[in-house]
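Take a look at this one chain, the form predicted alone, written out in structure tokens.
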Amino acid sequence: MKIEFNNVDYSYSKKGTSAIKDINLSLDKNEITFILGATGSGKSTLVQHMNGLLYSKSGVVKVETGDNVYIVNKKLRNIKDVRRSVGMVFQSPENQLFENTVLDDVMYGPLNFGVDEVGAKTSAVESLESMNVDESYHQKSPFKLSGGEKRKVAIAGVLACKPQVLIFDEPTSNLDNKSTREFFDLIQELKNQGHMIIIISHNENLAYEYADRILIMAEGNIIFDGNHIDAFKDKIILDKANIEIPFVAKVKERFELTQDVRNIKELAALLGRESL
């Protein structure tokens, strides 16, 4: 699986300021990639080009799946193939829920992509199970679920389509710590299964802990592309993108620690050893 941007520009009006500018980017590994940046920096616009929710005004977006290569533009007839391979979970799960029951909602995607009813139901049940949604919820209205439950159902609806790439827009907003950990346990499992994971986030602490790769955007440009250690070293970049240094990175710098610890638990264990 590969997603490639070559000199891509996009603006929301003919005379408007470009939302993304001259983007050159290649994503081709089953990594967890975080996209960080202030509101309006172009993060959502960028990812919506990956499955044809938006089409570039100039430049080329190319998606490769197996032996198939798609140029994502208005002339592409097989856009459904791209959208099946590149699944997206929006920030507000209510935007993706519309059927009368949870099971029907999760079945909708596979049915829309041509899977028969038996296959769609099998995929839906498996996806709901993977999200720890109990069978007793299958016939409930998705609109009567809690925020966290709606999010699980929305993710299950995307997983049921068997995508190779999963894009999440602020997936942990309004989730408590336990639900956030459960979500990232699932993300790690999906990565290990070979999925490419892309996460839009404002949470630099989660990016520092979980990202294999970090993109930082500002004013429609990608101003950093690299690992979690280098991402938070350049104060000019961080100021431009309105990003704080993650807590663990601050403590590591304060105590001049060189070990690559990525969360508070690992940090506490290391500091305990350092004090001995």
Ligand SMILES: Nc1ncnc2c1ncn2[C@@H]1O[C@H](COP(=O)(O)OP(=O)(O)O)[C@@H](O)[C@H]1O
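Start at 1 and count along the sequence shown; that's the residue number. Since we're looking at a predicted model, the values are computed, not measured.
The protein also exists as the form predicted together with the ligand; that form is not presented, and the subsequent description refers to it.
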Is residue 12 close enough to the ligand in the predicted complex to count, meaning some heavy atom within 4.5 Å?
-> yes
Can any non-hydrogen atom of residue 53 be found within 4.5 angstroms of the ligand in the predicted complex?
-> no
4.5 Å heavy atom contact, residue 19 and the ligand in the predicted complex = yes
4.5 Å heavy atom contact, residue 44 to the ligand in the predicted complex | yes
The ligand in the predicted complex has a heavy atom of only one listed residue within 4.5 Å, and of 38, 229, 251, 69 that residue is 38
With the partner removed from view, which of 44-52, 59-67, 234-242, 207-215 is the stretch that lies within 4.5 Å of the ligand in the predicted complex, judged by heavy atom distances?
-> 44-52
